[in-house]
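Just the one chain here, laid out as structure tokens, in the form predicted on its own.
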Amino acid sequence: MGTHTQRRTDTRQRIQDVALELFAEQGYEKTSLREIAERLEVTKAALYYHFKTKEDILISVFQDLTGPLDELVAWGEAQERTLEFKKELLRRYSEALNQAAPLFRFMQENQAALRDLKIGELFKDRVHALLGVLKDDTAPLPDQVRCVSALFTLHASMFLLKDLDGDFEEKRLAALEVAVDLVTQAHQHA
């Protein structure tokens, strides 16, 4: 039974990988299930066994890549809100974003399609939950803004820093440093 489950998981993973490739190459709207099946060299019926729609594929990719975000929120909710905790939360979030880089590339290149899909709302909910464990609602407004800005600094490293010099990892670590600085400054007033 384990082998069968493994094989199904591998097929599911291959479908997700190929779909993300095609979505990035030609856009979500212009990619059909038939094209995904052709690239995989399987029948449309075989693809249909795993996923009924393109959105089903995308939601499954999102759930797989953002599972670590759910775990991070659950972990964060159980922690004391110390500065060390907040720094560790940002480190872990930065790593989770890095793992989800293919999904973020898709989101960046398919913003119009995302407006009509559930995935945008699902991501927003996760960011709000994470923000809930990072910032203190009773803190002065500038400190709350610093915490919000810390998260968005990490997001910016996924999208907006590509024009800066340095490789991806250097930019990710620089963004993490700035995010930690912001949270540290906010925490000093706590």
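Quick caveat, the model's predicted, so the values are computed rather than measured. From 1 onward, residues are counted along the sequence shown.
This next part talks about the form predicted together with a further copy of the same chain, which is not shown.
Proximity of A45, I59 and F104 to a further copy of the same chain in the predicted complex is absent: no residue of the three has a non-hydrogen atom within 4.5 angstroms. Only one of E29, D70, D64, D125 comes within 4.5 Å of a further copy of the same chain in the predicted complex through a heavy atom, and that residue is E29. Note on the partner interface in the predicted complex: the residue among K54, K135, R39, H50 having a heavy atom within 4.5 angstroms of a further copy of the same chain is K135.
Contact annotation for I15: none of its heavy atoms lies within 4.5 Å of a further copy of the same chain in the predicted complex. Although the partner is absent here, E170 lies within 4.5 Å of a further copy of the same chain in the predicted complex, judged by heavy atoms. In the predicted complex, a further copy of the same chain stays beyond 4.5 Å of every heavy atom belonging to D10. For the chain shown alone, Q99 is not a contact residue for a further copy of the same chain in the predicted complex, no non-hydrogen atom being within 4.5 angstroms. Within 4.5 angstroms of a further copy of the same chain in the predicted complex, the stretch 173-187 places a non-hydrogen atom from each of A174, A175, E177, V178, D181, L182, Q185, taken in sequence order.
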